[in-house]
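There is one chain below, alone, in structure tokens, taken in the form predicted alone.
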Amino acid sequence: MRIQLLIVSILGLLVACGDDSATTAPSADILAAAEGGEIHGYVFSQWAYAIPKVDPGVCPEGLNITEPEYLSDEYAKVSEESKRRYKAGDVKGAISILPADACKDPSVRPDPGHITLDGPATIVGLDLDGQHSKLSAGGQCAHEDFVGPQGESGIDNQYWRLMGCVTGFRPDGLFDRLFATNNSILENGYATLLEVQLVEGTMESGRVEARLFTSAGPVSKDANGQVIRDMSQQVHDDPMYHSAVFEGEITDGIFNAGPVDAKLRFKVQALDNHYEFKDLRLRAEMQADGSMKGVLAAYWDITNMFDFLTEVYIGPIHLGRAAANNIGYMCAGVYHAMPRVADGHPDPETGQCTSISTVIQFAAVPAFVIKPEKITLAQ
């Protein structure tokens, strides 16, 4: 039996109250002369998990259920009292009588089972490990690769294995609708910035060096809710959100760069956390208007992933369980399933993989990336 107090709007949990802290650049031309080569800056204008619309794969066992459905008898015993306390304004008291919260502490509940997407699917992404992996081959971090929309083999995206049978992640589900509004960018508390410095050749065909940053504040948007291009964006003061320099190239208008490790901060109304990506790669098409559109593929650290999914608060109230219920999974199930689908960065002692390949679809528009004093592209 689903308790009303747990059905907190996930849109409120996944979007932030942004402000327009970026400032207008002194020129519409984003090309700047700099020692070692011209520099182009970008701010991400779209950000969405890769959710395949065509051939997303099937879930013969059905979709995952939520904790109130799985523990219906336990919830039924406390439902009326919990709702009474909630209506009386005693939110903490209402939550306190619910079953033990595995979103706060996954050790309090055994593995309830989590349905993963084990069959084939067609999804955008990159071959992160340079291998056409087969689960049947066994070995360390064994997994089955996906196929890309153009028939590309070797696509690594175990995050879709993990979440592909979750209601909120299915095509036209909660996240699809959220990303369609672009609120993950427009109302995010921070922006992701990219700086590209030409080393050799041209921006149509050349060798480059790049760097990712988190901004000091949100993007600026116009009256139509679109990210404004050619604005100045301040880089976050904390160097944790400055990636190292990574190499790339542009060939026939296709930008490829990486790998690099990066922590990208993401702040929403009830969530203030960061993505911890390893061996991140970018592939994007350079557009005629100076923007770019492509994919960010990386290995997402599983400890950070679980925290990102569950560390959801409004004030002192922990709402990770409410978020999981709205999206359609159990925290304990995801916690126990992550090591099973993990395909990157094996622990040197245990051999257990500690990261999960993940794909983000993104777009970026020209911007002036303003770094703190004494911070250069190479620092």
Partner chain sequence: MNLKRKIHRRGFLCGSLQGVAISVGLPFLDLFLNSNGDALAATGAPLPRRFGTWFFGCGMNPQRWNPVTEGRDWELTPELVPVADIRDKMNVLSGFSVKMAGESNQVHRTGVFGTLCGGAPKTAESIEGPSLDVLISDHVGMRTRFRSLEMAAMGDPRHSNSLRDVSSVNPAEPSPLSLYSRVFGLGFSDPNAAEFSPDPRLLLRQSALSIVAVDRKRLERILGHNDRQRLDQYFTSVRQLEQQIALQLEEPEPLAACRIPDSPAQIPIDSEVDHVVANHALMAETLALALACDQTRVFNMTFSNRASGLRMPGSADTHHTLTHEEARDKTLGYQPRATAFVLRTMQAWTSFVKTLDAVPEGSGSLLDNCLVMAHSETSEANTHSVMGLPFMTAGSAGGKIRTGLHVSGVGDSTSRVGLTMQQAMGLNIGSWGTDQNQTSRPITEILV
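Numbering follows the first chain given and starts at 1. Worth saying up front: this structure is predicted, and the values here are computed from it rather than measured.
There is also a form predicted together with the partner chain; it is not shown, and the following applies to it.
Check residue 177 for me: does it contact the partner chain in the predicted complex (non-hydrogen atoms, 4.5 angstroms)? Answer yes; at least one heavy atom of residue 177 falls within 4.5 Å of the partner chain in the predicted complex.
Residue-level question: is residue 316 within 4.5 Å of the partner chain in the predicted complex, judged on heavy atoms? Yes, residue 316 lies within 4.5 Å of the partner chain in the predicted complex.
Residue contact check: residue 86 to the partner chain in the predicted complex, 4.5 Å heavy atom: Answer yes; at least one heavy atom of residue 86 falls within 4.5 Å of the partner chain in the predicted complex.
Check residue 269 for me: does it contact the partner chain in the predicted complex (non-hydrogen atoms, 4.5 angstroms)? So residue 269 counts as contacting the partner chain.
Would you say all of 57, 310 and 331 touch the partner chain in the predicted complex, counting a heavy atom within 4.5 Å as a touch? No residue of the spot touches the partner chain in the predicted complex.
So if I measure heavy atom distances to the partner chain in the predicted complex, which of the stretches 147-155, 168-176, 300-308, 121-129 falls within 4.5 Å? The contacting stretch here is 168-176.
Tell me, which of 94, 203, 117, 186 has a heavy atom within 4.5 angstroms of the partner chain in the predicted complex? Result of the distance check: 186.
Heavy atom within 4.5 Å of the partner chain in the predicted complex: which of 236, 263, 281, 221? If I apply the 4.5 Å criterion carefully, the residue I get is 221.
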